[in-house]
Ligand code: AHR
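The chain below stands alone and is given as structure tokens, in the form predicted alone.
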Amino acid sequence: MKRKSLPALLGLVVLSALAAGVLLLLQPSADKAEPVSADHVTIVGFSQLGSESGWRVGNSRDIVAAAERAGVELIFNNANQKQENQIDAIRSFIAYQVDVIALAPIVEEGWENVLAEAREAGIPVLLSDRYINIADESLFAGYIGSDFLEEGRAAGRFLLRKAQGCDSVRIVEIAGTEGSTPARQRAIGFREVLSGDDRFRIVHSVSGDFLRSRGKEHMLNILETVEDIDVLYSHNDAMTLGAIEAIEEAGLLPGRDIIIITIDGEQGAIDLLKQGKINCVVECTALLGDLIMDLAQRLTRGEEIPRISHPVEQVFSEFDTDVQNIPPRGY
């Protein structure tokens, strides 16, 4: 029996649900059509980890817009930073018999059981933005997102160039959510580039959970307790923007008194780069929706897909001659 289409108004409901974290779910039909017909409309269940930053909100909007462009019916759930909400959402997607599940996992661990349930139901899973640590990697079909190790390396390479002629460099790090792929790999990549050069010391590192409020809170504490700070390496723009508020409240000049290196590429960070308050922005694009929808449709048709799909990204810094001409980011 062919599954009924979701209502045409679903897209409008999805948009209002992004902030509310509401699971959009309709009653499934009894059977999953197999094989799919030529006119089959792909249904994707997407579990978003939260809305902790402008990057994440932009990512959610792009996924919704990409589904509309591709003619994909989307069931969207915002987990509000809780893994248990994501697991519940995935089980609901399984019950509905979606064609593909896409997941932006909040942490790397703890996915084996629910992904095994998806496989038993014959539903392929795509990872978006963050990776997972799992013994059986056949439980997911592919990963769409940035190369976080390379982002950390790019941050380190900028600092090597910026620090030419310096005798010592004292670094504070505001890292992302503990246990998440970007936090772990951005830290590893950064240290990899600077290793072996004893001028560089990370004198303080703390997790800010990718939240602007935590970035400001931690930076206020760092400024009170850590002496002679040369560099702030922040794992995302939201925390960076909060940290810059704290730096300015302390009467210091971000970008001059403290070198600022950040990752993401939100519009707010690009604007501060143009003003000289940020020295380097490593891009981590939020615009993954078209890739996700393309791969979901290919999986629905039974086609093979790449195991890993990285978007093309850039590094923007004070060394760029055309920094003032960086186009609008859209998030």
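Remember, it's a predicted structure, so these values are computed and weren't measured experimentally. All residue numbers are counted from 1 along the displayed sequence.
Not pictured, yet referred to below: the form predicted in complex with the named molecule.
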{"item": "Contact label in the predicted bound form: R130 to the named molecule, heavy atom within 4.5 Å", "value": "yes"}
{"item": "4.5 Å heavy atom contact, G255 and the named molecule in the predicted bound form", "value": "no"}
{"item": "Partner contact for Y96 in the predicted bound form: the named molecule, 4.5 angstroms, heavy atom", "value": "no"}
{"item": "Proximity of F148 to the named molecule in the predicted bound form, heavy atoms at 4.5 Å", "value": "yes"}
{"item": "One residue of F210, F190, Y233, F76 in contact with the named molecule, assessed in the predicted bound form (non-hydrogen atom, 4.5 angstroms)", "value": "F210"}
{"item": "All of R56, P182 and R186 within 4.5 Å of the named molecule in the predicted bound form, heavy atom check", "value": "yes"}
{"item": "Listed range touching the named molecule, judged in the predicted bound form by heavy atoms within 4.5 Å, from 270-278, 299-307, 63-71, 48-56", "value": "48-56"}
{"item": "Residues in 253-272 close to the named molecule in the predicted bound form, defined by a heavy atom within 4.5 Å, in order", "value": "D264"}
